[in-house]
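Just so you know, structure 1 and structure 2 below are the same protein chain in two forms, each on its own as structure tokens.
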Structure 1
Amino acid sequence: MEALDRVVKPKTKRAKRFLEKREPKLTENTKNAILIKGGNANLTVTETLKDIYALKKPFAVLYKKKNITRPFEDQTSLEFFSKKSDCSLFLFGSHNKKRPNNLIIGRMFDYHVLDMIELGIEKFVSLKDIKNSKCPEGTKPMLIFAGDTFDLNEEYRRLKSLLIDFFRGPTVPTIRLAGLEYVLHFTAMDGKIYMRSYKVLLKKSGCKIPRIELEEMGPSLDLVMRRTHLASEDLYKLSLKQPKALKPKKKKNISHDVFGTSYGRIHMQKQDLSKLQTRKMKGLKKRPAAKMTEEDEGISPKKSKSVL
């Protein structure tokens, strides 16, 4: 049995807090990513990993030392690093004659590889090469996917899901306009994936809503898909399963229209309108004909007080 698979009992309060953070939760923490450099990574791959780490911080761990491993042949090393760093996402970079400038992006389920897609870098422009202002660390990006291939092809559909998982960042309850600072744009066209990063500039427009301009800030990547390792449909559905406590309870007698307006249905007993107390005024007094009908039915009207 490996050291990481043993049942560990904490001996100190600090160790207890550390283990509590890794326990399963109803609402999971923000997914972290490990960025690993292969045994023969060149300058292009190294700079790419550094730039993606700069976009992903603080929810990322960059391994600076080289690690000789081949994820498609042996996945034990990745699973070990994932469990050690408590990361469910990974990006592995390598370079060789057969597959130059190679990136492998993937994700884990229960510390085992779920999906893994190999991408080749054909063109790379780093953050340093584009002399523009950058976004602060930890900024949540807006993700845009262009191209029908992301919806028609199963491999590209999984790649889209994987990229959303990798770059989405923390879940926030509210959004403010000034916080929408940068955009990650992915385009699938002619068998290639183009990744571009833009900073959002809010300009004066003469009205309440500002004018939006996009300024490229890097990194810029032209990628091509190579090998894939996708999970089976059953395992993929199992990884998407949510606990019952998170599922919203269905409320009875409530409906919604196309505009999002809620309508409620209230059940009431049938009312006897003859006993309804109305305002006392001359116009609502009973006429003599109505009094006669009441006498015939055996209902005696109230006697009016006479003044002597």
Structure 2
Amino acid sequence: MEALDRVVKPKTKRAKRFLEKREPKLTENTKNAILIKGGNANLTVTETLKDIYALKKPFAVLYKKKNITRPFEDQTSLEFFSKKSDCSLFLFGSHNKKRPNNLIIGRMFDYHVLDMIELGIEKFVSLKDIKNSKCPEGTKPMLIFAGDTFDLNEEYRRLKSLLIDFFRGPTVPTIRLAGLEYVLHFTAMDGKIYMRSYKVLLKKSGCKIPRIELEEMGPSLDLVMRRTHLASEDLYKLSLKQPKALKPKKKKNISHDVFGTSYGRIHMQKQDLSKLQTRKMKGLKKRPAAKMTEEDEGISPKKSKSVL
């Protein structure tokens, strides 16, 4: 519903702007994330949430208080938080004997839970444990996913999509090449997912492309997949639907070759080729003498035909 279509219309311009920011649009805002601590959150989980908050600033909200909920049983409180703070991604950390160092990463569609994946943290190295310089806050990271499991297994595929959604940051039209400072590398191997963050150093090389050296910077996590709550196929397809207005307009009558040549098509009316205006070459012009001989030649075969 538009801001003007509500039963209670906003009384101030500020309220109207607030509502317009939250309503569904053609090109959406950057997704925000809420980072919540569960009832029993230990140091590892808290530190993880704080580090990921540092990575995702300013598109994240870190809740300071503990919230005693179980996302896999009851999703209403998560949905309430998402609606209040207009966030569509969430990260819920908790700890108990059965599921130690538990992290639930999820996303919402229309303020209802779309996908939720529970991950267990096996090893965690925090930002402050690695003592070197960090990159500035709000940098757009480069994302790399290694391992064929990310394509073969359905759950891993959704996890990949979730992680891209989570860490991608705002969509920009141009990027400063010297500002590519930071890369998040996810490897799926032996049933575990290794997440490493490195700071990128661009060194001189022989050619235009710089040589890359990596320096371990940020939080590194060893994760193992536990439970999942994935959306049904049709709901997922519905959420993937893009508006038609955003599709690039196809230019008619232009086609492209495999080799990159572009072909155009021109539609012409029927032309009388005998009356075509071509270049005049004086040498080929019919002279009166030549015309006469041609006429004779032209007529005689006809005559011979009629006789035969």
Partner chain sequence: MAALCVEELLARAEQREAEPHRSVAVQKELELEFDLGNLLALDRNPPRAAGAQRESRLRSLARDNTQLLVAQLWGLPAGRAEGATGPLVAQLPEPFYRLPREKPLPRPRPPTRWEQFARLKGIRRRKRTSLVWDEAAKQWRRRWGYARAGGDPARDWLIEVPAGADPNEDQFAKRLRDKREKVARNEFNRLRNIARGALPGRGLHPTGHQSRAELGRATQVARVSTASLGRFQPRLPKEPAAPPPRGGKKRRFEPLLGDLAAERSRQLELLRGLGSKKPPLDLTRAVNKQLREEDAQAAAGKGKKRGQRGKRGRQRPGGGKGPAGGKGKKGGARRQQQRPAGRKRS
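Only the largest set of C-alpha atoms that superpose within 1.5 Å between the two forms is called the rigid core. Structure 1's sequence is the ruler for residue numbers, which start at 1. Because the structure is predicted, anything quoted here is derived from the model rather than measured.
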* Structure fact -> Output row: form predicted on its own located in structure 1
* To do: Determine whether the C-alpha of residue 64 shifts by 2 Å or more between structure 1 and structure 2 once the rigid core is superposed.
  => no
* Asked: Taking the rigid core as the reference frame, is the Cα of residue 267 displaced by 2 Å or more between structure 1 and structure 2?
  -> yes
* **Angstrom shift of the Cα atom of residue 258 between structure 1 and structure 2 (superposition on rigid core)** => 4.1
